[in-house]
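The chain below stands alone and is given in C-alpha cells; this is the form predicted on its own.
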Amino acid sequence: MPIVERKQVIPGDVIARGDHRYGPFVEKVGDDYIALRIGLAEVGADGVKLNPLTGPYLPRADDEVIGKVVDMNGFGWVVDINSCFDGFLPASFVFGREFSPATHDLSSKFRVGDIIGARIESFERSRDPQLSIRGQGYGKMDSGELVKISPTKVPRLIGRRGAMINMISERTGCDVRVGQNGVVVVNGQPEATTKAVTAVQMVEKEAHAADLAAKVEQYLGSGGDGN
C-alpha cells in the first residue's frame, strides 16, 4: 500500500516540495505547495491534498446532499442543504415533462419537513443550486437519525476509499448515508444507531488526529450487531 504522509497545517505552511498534483486549498509557489486553510494535509501517490477543518458547504455539481424541505411554490420545492444557498428541486424533475402547476399537487410527493436525498444538478453563484432526485437512492428518506457535521470534515468521515464510513457501518450493522453537505442519516437498531452516531461525532471532533481510524476502531470493537 502506498505511504501517505499526513500532517496538520495552517495557512502559509509548506505541505510538500517537488512536482505533485494538487487539489483545492493548496497553492503552488515555485516548488513549494502552500496550505491556504487550516486542515489536515495528505501527501501520497494521489498528490497533495488538504482537507479543511473549518468552513461552510459550497455546492458543487454532482455532489450528493441530504436536505430538508422548507418551502414549496407552484414550480418546485425549496430545500435547506446546510449551506448559505438553498437548493431548489424543480417539480418537472419529479413529475416529468407532463408537469403542470394547475393539475399536479406538489404535496403528494414532498411536504415541508421531509428529508430528501438529492444530487446537485447545477450551480452558479448568481442563483441557488438546482437539485435532482433522478437516479437510484434519491428521494424521500422516511426514517433514520439525522446528524450534522462540519462539511469540511466529510472526507475524513468517508475515509480513504470509503474505509472509515464502511467500518462504522459494518461494525454497527447500520446503514450510514453521508451527504457532501455535512448531513448524515443513520438507520439501524436503537443501540447500534446510538453507537454509530457517536462514532460519526468522534470523527468530527478528532478529525485532526493522525490515529483517528485506530481510535474509532477501538471504540466500535468487533461485530456487526452494535455490541
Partner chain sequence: METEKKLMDEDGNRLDGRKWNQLRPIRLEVGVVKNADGSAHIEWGKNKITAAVYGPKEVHPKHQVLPDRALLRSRYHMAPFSVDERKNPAPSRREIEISKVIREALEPAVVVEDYPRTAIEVWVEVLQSDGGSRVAGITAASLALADAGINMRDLVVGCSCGLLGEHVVADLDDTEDKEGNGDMPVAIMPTKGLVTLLQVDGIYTRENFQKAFELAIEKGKEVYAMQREALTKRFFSSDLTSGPIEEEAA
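Positions refer to the first chain, counted from 1. What you are looking at is a predicted structure, and each value in this text was computed from that prediction instead of being measured.
Only in words, not in the display: the form predicted in complex with its partner chain, which the text now covers.
- Its partner chain is not drawn, but in the predicted bound form it has a heavy atom within 4.5 Å of residue 38.
- At a distance threshold of 4.5 angstroms between non-hydrogen atoms, residue 208 is in contact with its partner chain in the predicted bound form.
- The closest heavy atom approach of residue 12 to its partner chain in the predicted bound form falls within 4.5 Å.
- Its partner chain in the predicted bound form is approached by residue 25, whose closest heavy atom lies within 4.5 angstroms of it.
- Of the residues given (201, 187, 194, 54), 54 alone sits with a heavy atom within 4.5 Å of its partner chain in the predicted bound form.
- This chain appears without its partner; in the predicted bound form, the one residue of 88, 93, 110, 85 with a heavy atom within 4.5 Å of its partner chain is 85.
- Scanning 164 to 189 for heavy atoms within 4.5 Å of its partner chain in the predicted bound form gives just one residue, 180.
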